[in-house]
Ligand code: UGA
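Below you'll find only one chain, the form predicted on its own, shown as C-alpha coordinates.
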Amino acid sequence: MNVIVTGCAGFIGSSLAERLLQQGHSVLGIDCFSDFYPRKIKEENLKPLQDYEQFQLVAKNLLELDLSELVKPTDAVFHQAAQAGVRSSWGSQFEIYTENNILATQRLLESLVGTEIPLIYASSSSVYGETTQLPMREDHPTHPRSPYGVSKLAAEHLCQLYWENYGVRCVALRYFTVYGPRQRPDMAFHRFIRAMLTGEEIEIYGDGEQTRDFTFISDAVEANLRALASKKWGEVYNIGGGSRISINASIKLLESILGKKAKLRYKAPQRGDVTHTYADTHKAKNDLGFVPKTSLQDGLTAEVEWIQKVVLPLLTQ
(Lines give C-alpha, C1' and ligand atoms only; values in the text may rest on other atoms or scores of the structure.)
Protein backbone atom coordinates (compact mmCIF):
# COMPACT_ATOMS: atom_id res chain seq x y z
CA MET A 1 0.00 0.00 0.00
CA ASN A 2 0.82 3.66 -0.31
CA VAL A 3 -0.12 5.28 3.00
CA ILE A 4 0.04 8.72 4.59
CA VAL A 5 0.97 9.12 8.25
CA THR A 6 0.39 12.61 9.62
CA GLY A 7 2.44 13.59 12.65
CA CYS A 8 5.04 11.09 11.47
CA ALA A 9 7.89 12.58 13.54
CA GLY A 10 5.96 12.26 16.78
CA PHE A 11 5.72 9.46 19.31
CA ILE A 12 2.90 7.38 17.87
CA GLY A 13 3.24 8.58 14.29
CA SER A 14 6.90 7.55 13.93
CA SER A 15 6.26 4.20 15.60
CA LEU A 16 3.32 3.48 13.28
CA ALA A 17 5.22 4.62 10.19
CA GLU A 18 8.16 2.36 11.08
CA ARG A 19 5.85 -0.64 11.48
CA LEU A 20 4.23 0.07 8.10
CA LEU A 21 7.63 0.33 6.42
CA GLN A 22 8.71 -2.94 8.01
CA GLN A 23 5.65 -4.55 6.45
CA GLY A 24 6.74 -3.35 3.00
CA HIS A 25 4.37 -0.42 2.54
CA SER A 26 5.34 2.97 1.14
CA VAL A 27 4.87 5.81 3.62
CA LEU A 28 4.44 9.52 2.97
CA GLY A 29 5.03 11.16 6.32
CA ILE A 30 3.78 14.65 7.08
CA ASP A 31 4.97 16.67 10.07
CA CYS A 32 5.21 20.40 10.73
CA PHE A 33 7.74 19.99 13.59
CA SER A 34 5.77 22.14 16.02
CA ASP A 35 7.77 23.56 18.90
CA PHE A 36 5.81 21.71 21.61
CA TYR A 37 9.02 19.83 22.42
CA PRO A 38 12.60 19.83 21.04
CA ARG A 39 12.93 19.20 17.31
CA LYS A 40 16.04 17.05 17.82
CA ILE A 41 13.91 14.45 19.60
CA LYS A 42 11.57 14.30 16.61
CA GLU A 43 14.53 14.05 14.24
CA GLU A 44 15.81 11.13 16.29
CA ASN A 45 12.39 9.48 15.93
CA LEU A 46 12.70 9.79 12.14
CA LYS A 47 16.14 8.19 11.80
CA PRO A 48 14.91 4.58 11.52
CA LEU A 49 12.34 5.65 8.92
CA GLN A 50 14.89 7.35 6.71
CA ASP A 51 16.69 4.04 6.21
CA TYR A 52 13.82 2.98 3.94
CA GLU A 53 13.63 4.01 0.29
CA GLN A 54 9.83 3.79 0.55
CA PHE A 55 9.71 6.67 3.04
CA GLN A 56 9.16 10.26 2.00
CA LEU A 57 8.91 13.21 4.40
CA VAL A 58 6.87 16.36 3.83
CA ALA A 59 7.90 18.86 6.52
CA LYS A 60 4.87 21.15 6.38
CA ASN A 61 1.68 21.92 8.25
CA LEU A 62 -1.39 20.15 6.88
CA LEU A 63 -3.03 23.55 6.41
CA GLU A 64 -0.26 24.59 4.01
CA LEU A 65 -0.66 21.63 1.65
CA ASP A 66 -2.87 20.83 -1.33
CA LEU A 67 -4.26 17.75 0.33
CA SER A 68 -6.52 16.80 -2.58
CA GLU A 69 -3.43 16.31 -4.74
CA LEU A 70 -1.42 14.69 -1.98
CA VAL A 71 -3.94 11.93 -1.30
CA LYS A 72 -4.46 10.88 -4.93
CA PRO A 73 -1.96 7.98 -4.96
CA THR A 74 -2.86 6.97 -1.39
CA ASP A 75 -4.54 3.79 -0.13
CA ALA A 76 -5.02 4.89 3.50
CA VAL A 77 -4.44 7.84 5.85
CA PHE A 78 -3.41 7.44 9.48
CA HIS A 79 -4.12 10.82 11.03
CA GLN A 80 -1.89 11.06 14.11
CA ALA A 81 -1.02 14.76 13.86
CA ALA A 82 -2.34 16.99 16.64
CA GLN A 83 -1.36 19.71 19.05
CA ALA A 84 -0.90 17.72 22.24
CA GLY A 85 -1.20 18.69 25.89
CA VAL A 86 -4.15 19.03 28.25
CA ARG A 87 -2.58 21.66 30.51
CA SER A 88 -1.29 23.94 27.76
CA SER A 89 -4.58 24.11 25.85
CA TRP A 90 -6.10 26.94 27.91
CA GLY A 91 -6.15 30.66 27.15
CA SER A 92 -4.54 32.15 24.06
CA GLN A 93 -2.96 28.81 23.16
CA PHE A 94 -6.35 27.38 22.20
CA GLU A 95 -6.09 28.91 18.73
CA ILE A 96 -3.26 26.47 17.99
CA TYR A 97 -5.53 23.58 19.00
CA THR A 98 -8.41 24.77 16.85
CA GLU A 99 -6.12 25.04 13.82
CA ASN A 100 -4.05 21.89 14.23
CA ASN A 101 -6.66 19.57 15.73
CA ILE A 102 -9.98 20.72 14.26
CA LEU A 103 -9.39 22.71 11.08
CA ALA A 104 -6.56 20.46 9.84
CA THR A 105 -8.75 17.39 10.35
CA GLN A 106 -11.65 19.01 8.49
CA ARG A 107 -9.37 19.90 5.55
CA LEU A 108 -8.05 16.35 5.45
CA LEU A 109 -11.57 14.89 5.50
CA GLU A 110 -12.64 17.28 2.76
CA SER A 111 -9.78 16.04 0.58
CA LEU A 112 -11.14 12.48 0.90
CA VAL A 113 -14.67 13.31 -0.27
CA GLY A 114 -15.44 11.31 -3.42
CA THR A 115 -12.66 8.80 -2.77
CA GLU A 116 -12.60 5.37 -1.13
CA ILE A 117 -9.50 6.22 0.90
CA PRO A 118 -10.00 5.34 4.58
CA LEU A 119 -8.85 7.55 7.45
CA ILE A 120 -7.88 6.20 10.87
CA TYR A 121 -8.16 9.08 13.32
CA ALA A 122 -6.20 9.30 16.58
CA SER A 123 -8.66 10.44 19.21
CA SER A 124 -8.18 10.44 22.97
CA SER A 125 -9.65 9.26 26.26
CA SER A 126 -9.73 12.99 27.10
CA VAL A 127 -13.09 13.16 25.31
CA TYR A 128 -14.77 11.48 28.30
CA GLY A 129 -13.74 14.02 30.93
CA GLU A 130 -14.47 13.45 34.61
CA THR A 131 -16.77 10.49 35.16
CA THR A 132 -17.71 7.90 37.75
CA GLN A 133 -18.85 5.51 35.00
CA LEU A 134 -15.92 3.09 34.98
CA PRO A 135 -14.77 1.43 32.89
CA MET A 136 -15.40 4.01 30.18
CA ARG A 137 -17.41 2.65 27.28
CA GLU A 138 -17.75 4.16 23.81
CA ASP A 139 -21.45 4.90 24.33
CA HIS A 140 -20.90 6.75 27.62
CA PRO A 141 -21.42 10.54 27.72
CA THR A 142 -18.53 12.69 26.54
CA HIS A 143 -17.83 15.80 28.61
CA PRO A 144 -14.23 16.89 27.99
CA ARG A 145 -12.59 18.67 30.91
CA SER A 146 -10.00 20.56 28.88
CA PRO A 147 -9.89 22.56 25.64
CA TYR A 148 -7.59 19.84 24.27
CA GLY A 149 -10.31 17.25 24.91
CA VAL A 150 -12.86 19.52 23.23
CA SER A 151 -10.66 19.76 20.12
CA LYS A 152 -10.20 15.98 19.91
CA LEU A 153 -13.92 15.35 20.31
CA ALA A 154 -14.76 18.01 17.71
CA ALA A 155 -12.50 16.31 15.17
CA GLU A 156 -14.03 12.96 16.08
CA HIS A 157 -17.49 14.42 15.36
CA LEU A 158 -16.21 15.73 12.03
CA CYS A 159 -15.11 12.21 11.08
CA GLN A 160 -18.59 10.94 11.87
CA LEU A 161 -20.24 13.75 9.89
CA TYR A 162 -18.10 13.13 6.80
CA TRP A 163 -18.85 9.41 7.00
CA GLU A 164 -22.60 9.94 7.33
CA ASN A 165 -22.90 12.70 4.73
CA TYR A 166 -20.17 11.94 2.20
CA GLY A 167 -19.25 8.31 2.82
CA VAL A 168 -15.69 9.17 3.85
CA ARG A 169 -14.41 5.97 5.45
CA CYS A 170 -13.34 6.80 9.00
CA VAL A 171 -12.50 5.00 12.21
CA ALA A 172 -11.68 6.88 15.44
CA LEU A 173 -9.41 5.34 18.07
CA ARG A 174 -9.61 6.75 21.59
CA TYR A 175 -6.12 6.21 22.96
CA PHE A 176 -5.70 5.76 26.71
CA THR A 177 -2.31 7.20 27.86
CA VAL A 178 0.13 5.65 25.40
CA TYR A 179 3.68 5.16 26.71
CA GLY A 180 6.93 3.49 25.71
CA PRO A 181 10.01 4.35 23.63
CA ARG A 182 9.69 7.78 21.90
CA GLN A 183 7.10 9.00 24.41
CA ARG A 184 6.82 12.79 24.49
CA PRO A 185 8.97 14.56 27.12
CA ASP A 186 5.94 16.21 28.76
CA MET A 187 4.21 12.91 29.53
CA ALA A 188 4.30 11.46 33.02
CA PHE A 189 6.39 8.32 32.61
CA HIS A 190 8.99 10.15 30.53
CA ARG A 191 9.26 12.87 33.18
CA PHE A 192 9.37 10.38 36.03
CA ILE A 193 12.07 8.21 34.48
CA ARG A 194 14.30 11.12 33.51
CA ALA A 195 14.00 12.66 36.95
CA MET A 196 14.86 9.40 38.68
CA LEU A 197 17.84 8.76 36.41
CA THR A 198 19.25 12.25 37.00
CA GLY A 199 18.38 12.48 40.70
CA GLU A 200 15.87 15.28 40.22
CA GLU A 201 12.56 15.81 41.96
CA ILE A 202 9.29 14.53 40.51
CA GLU A 203 6.29 16.83 40.70
CA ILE A 204 3.00 15.00 41.29
CA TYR A 205 -0.19 16.95 40.64
CA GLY A 206 -2.78 15.95 43.25
CA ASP A 207 -2.36 13.18 45.82
CA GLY A 208 -1.05 10.60 43.36
CA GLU A 209 -4.00 8.28 43.87
CA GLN A 210 -5.48 9.20 40.50
CA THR A 211 -5.35 6.28 38.07
CA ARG A 212 -4.62 5.89 34.38
CA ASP A 213 -5.11 3.03 31.95
CA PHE A 214 -1.69 2.85 30.29
CA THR A 215 -1.26 1.52 26.74
CA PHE A 216 2.10 0.41 25.35
CA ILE A 217 3.08 1.91 22.02
CA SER A 218 3.20 -1.37 20.07
CA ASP A 219 -0.37 -2.12 21.16
CA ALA A 220 -1.53 1.32 19.96
CA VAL A 221 0.20 0.71 16.63
CA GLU A 222 -1.44 -2.70 16.30
CA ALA A 223 -4.84 -1.12 16.93
CA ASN A 224 -4.34 1.19 13.94
CA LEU A 225 -3.49 -1.69 11.62
CA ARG A 226 -6.45 -3.72 12.83
CA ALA A 227 -8.79 -0.75 12.45
CA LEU A 228 -7.80 -0.39 8.79
CA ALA A 229 -8.13 -4.11 8.11
CA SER A 230 -11.53 -4.35 9.81
CA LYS A 231 -13.25 -1.82 7.51
CA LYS A 232 -15.68 -0.95 10.32
CA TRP A 233 -16.24 2.54 8.97
CA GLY A 234 -17.92 5.16 11.12
CA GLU A 235 -17.02 3.42 14.37
CA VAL A 236 -15.25 4.63 17.51
CA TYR A 237 -13.07 2.37 19.66
CA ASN A 238 -11.38 2.60 23.04
CA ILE A 239 -7.74 1.55 22.83
CA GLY A 240 -6.53 0.78 26.35
CA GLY A 241 -3.65 -1.32 27.57
CA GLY A 242 -5.38 -3.00 30.49
CA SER A 243 -2.68 -1.64 32.82
CA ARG A 244 -4.68 0.63 35.08
CA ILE A 245 -2.63 1.83 38.04
CA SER A 246 -2.35 4.83 40.34
CA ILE A 247 0.43 7.36 39.85
CA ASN A 248 1.87 6.48 43.27
CA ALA A 249 1.89 2.77 42.46
CA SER A 250 3.50 3.39 39.07
CA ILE A 251 6.33 5.28 40.75
CA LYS A 252 6.85 2.32 43.11
CA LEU A 253 7.12 0.10 40.03
CA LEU A 254 9.68 2.42 38.48
CA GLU A 255 11.68 2.41 41.71
CA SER A 256 11.78 -1.39 41.48
CA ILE A 257 12.87 -1.34 37.81
CA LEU A 258 15.53 1.35 38.31
CA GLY A 259 16.67 0.32 41.78
CA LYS A 260 16.39 3.97 42.83
CA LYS A 261 14.20 5.92 45.21
CA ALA A 262 12.13 8.71 43.69
CA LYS A 263 12.17 12.22 45.14
CA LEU A 264 8.57 13.38 45.21
CA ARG A 265 6.87 16.73 45.63
CA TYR A 266 3.09 16.91 45.62
CA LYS A 267 1.38 19.95 44.10
CA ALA A 268 -2.18 21.11 43.54
CA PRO A 269 -4.18 19.32 40.83
CA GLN A 270 -4.02 20.94 37.41
CA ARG A 271 -6.95 22.31 35.42
CA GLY A 272 -8.23 19.76 32.93
CA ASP A 273 -6.81 16.67 34.64
CA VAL A 274 -9.29 13.89 35.38
CA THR A 275 -9.24 11.59 38.39
CA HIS A 276 -9.45 8.23 36.66
CA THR A 277 -9.31 6.66 33.21
CA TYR A 278 -10.18 3.04 32.58
CA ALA A 279 -10.99 1.67 29.13
CA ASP A 280 -13.66 -0.87 28.36
CA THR A 281 -12.10 -2.49 25.27
CA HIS A 282 -14.72 -5.17 24.59
CA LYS A 283 -15.86 -3.44 21.40
CA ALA A 284 -12.30 -3.24 20.02
CA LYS A 285 -11.76 -6.89 20.91
CA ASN A 286 -14.99 -8.02 19.27
CA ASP A 287 -14.74 -5.90 16.11
CA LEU A 288 -10.99 -5.57 15.60
CA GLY A 289 -9.55 -8.52 17.45
CA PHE A 290 -7.58 -6.03 19.52
CA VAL A 291 -6.02 -7.46 22.67
CA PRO A 292 -3.15 -5.56 24.37
CA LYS A 293 -0.10 -7.76 24.82
CA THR A 294 2.50 -5.74 26.74
CA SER A 295 2.53 -5.65 30.53
CA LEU A 296 3.29 -2.43 32.37
CA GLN A 297 6.46 -3.96 33.82
CA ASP A 298 7.82 -4.87 30.38
CA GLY A 299 6.66 -1.63 28.79
CA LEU A 300 8.26 0.57 31.42
CA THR A 301 11.48 -1.41 31.23
CA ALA A 302 11.60 -0.72 27.48
CA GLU A 303 10.97 2.99 28.02
CA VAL A 304 13.68 3.18 30.69
CA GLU A 305 16.19 1.60 28.28
CA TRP A 306 15.25 4.05 25.51
CA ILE A 307 15.61 7.10 27.75
CA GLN A 308 18.99 5.86 29.00
CA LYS A 309 20.34 5.05 25.51
CA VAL A 310 18.74 7.77 23.40
CA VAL A 311 17.22 10.69 25.30
CA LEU A 312 19.82 11.47 27.95
CA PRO A 313 22.76 11.42 25.50
CA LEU A 314 20.74 13.47 23.01
CA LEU A 315 19.88 16.18 25.50
CA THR A 316 23.50 16.56 26.64
CA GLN A 317 24.78 17.21 23.10
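Here the structure is a predicted model, which is why all the values come from computation and not from measurement. In case it trips you up, residue 1 is the first one in the sequence shown, and so on.
Not pictured, yet referred to below: the form predicted together with the named molecule.
Between the named molecule and the residues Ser89, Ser125, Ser243, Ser111, the one pair within 4.5 Å by heavy atoms in the model of the complex involves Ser125. Of the listed positions (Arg137, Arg184, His157, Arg194), a single one reaches within 4.5 angstroms of the named molecule by any non-hydrogen atom in the model of the complex, namely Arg184. Residues of just one listed stretch (68-76, 164-172, 81-89, 229-237) have heavy atoms within 4.5 Å of the named molecule in the model of the complex: 81-89. In the model of the complex, none of the heavy atoms of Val221 sits within 4.5 Å of a heavy atom of the named molecule. Contact check for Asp280: every heavy atom lies farther than 4.5 Å from the named molecule in the model of the complex.
Though the partner is left out of this view, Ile217 does not reach within 4.5 Å of the named molecule in the model of the complex, counting heavy atoms only. Contact check for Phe94: no non-hydrogen atom falls within 4.5 Å of the named molecule in the model of the complex. Contacts with the named molecule in the model of the complex, taken as any heavy atom within 4.5 Å, map within 142-158 to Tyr148 alone.
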